[in-house]
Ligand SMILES: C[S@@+](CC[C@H](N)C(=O)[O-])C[C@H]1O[C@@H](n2cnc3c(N)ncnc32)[C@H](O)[C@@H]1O
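This document opens with one chain alone, in structure tokens, the form predicted alone.
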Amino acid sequence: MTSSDLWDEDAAARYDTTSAEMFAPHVLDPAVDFLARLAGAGPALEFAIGTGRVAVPLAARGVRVSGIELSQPMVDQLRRKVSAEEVPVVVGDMATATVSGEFSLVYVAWNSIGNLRTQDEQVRCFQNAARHLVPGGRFVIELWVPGIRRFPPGQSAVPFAVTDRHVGFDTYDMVTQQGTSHHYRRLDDGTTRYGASNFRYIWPAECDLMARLAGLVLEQRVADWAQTPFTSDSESHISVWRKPMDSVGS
């Protein structure tokens, strides 16, 4: 049984609206460009495909995209956009669920690997990606760098969004690497809605070790989809690992 939170019907129905900023062309287009380039002529597999924020425009570029998604309500929202023939999806968790065939690209966008809240599951996610890749294929994750450097003594939370419509902050357990994102949203009627999601944060170096355990080799790390150089001050990273050409099974 997965440790991930499960998006229910209400959360799935509101997802595209509450995440509207992530659908903006200046955010989404560089991601699709980056992934389409890596996929080339081969098929792609998205872990935690959700409502298809990335998969739908990537498929529109001519990439054959399949997905794995834990939440059936999220898949139901995806089906309002594309059919099962256009973007097939297996309902299951990204650490263990499998899809028929082999892929030139497997990817996890927008911090979703953190939804797996144990290290063992995250390791299995990397192994699952490797199993689905052809030799020479790539596994890509988009992930934030934990913001714990912002904590002054005695502070218990780090803000990540402060607008007139949305206030969000993360709380962290430094021992277990568990965290919770807290969201307060002002609705059109003036009321406020609270929501929370849980995660396990991962450092870039920890990701590299998980990749090595899965037989993958780091090929590239940049700070964002626009390929800004990754530095010690970067707050996010796009990491690309490659399955060696001489790999046999996983």
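Note that residue numbering follows the sequence shown and begins at 1. What you see is a predicted model; the values in this text were computed from it and never measured.
From this point on, the text means the form predicted in complex with the named molecule, which you will not see here.
Proximity to the named molecule in the predicted complex, taken as heavy atoms within 4.5 Å, picks out 88 to 96 from the listed stretches 170 to 178, 157 to 165, 129 to 137, 88 to 96. Three-residue candidate spot Y15, G50 and L70; every residue lies within 4.5 angstroms of the named molecule in the predicted complex by at least one non-hydrogen atom. Using a 4.5 angstroms limit between non-hydrogen atoms, V54 touches the named molecule in the predicted complex.
W144 falls outside the set of residues with a heavy atom inside 4.5 Å of the named molecule in the predicted complex. Contact check for T2: a heavy atom falls within 4.5 Å of the named molecule in the predicted complex. Contact annotation: N115 falls within 4.5 Å of the named molecule in the predicted complex, judged by heavy atom distances.
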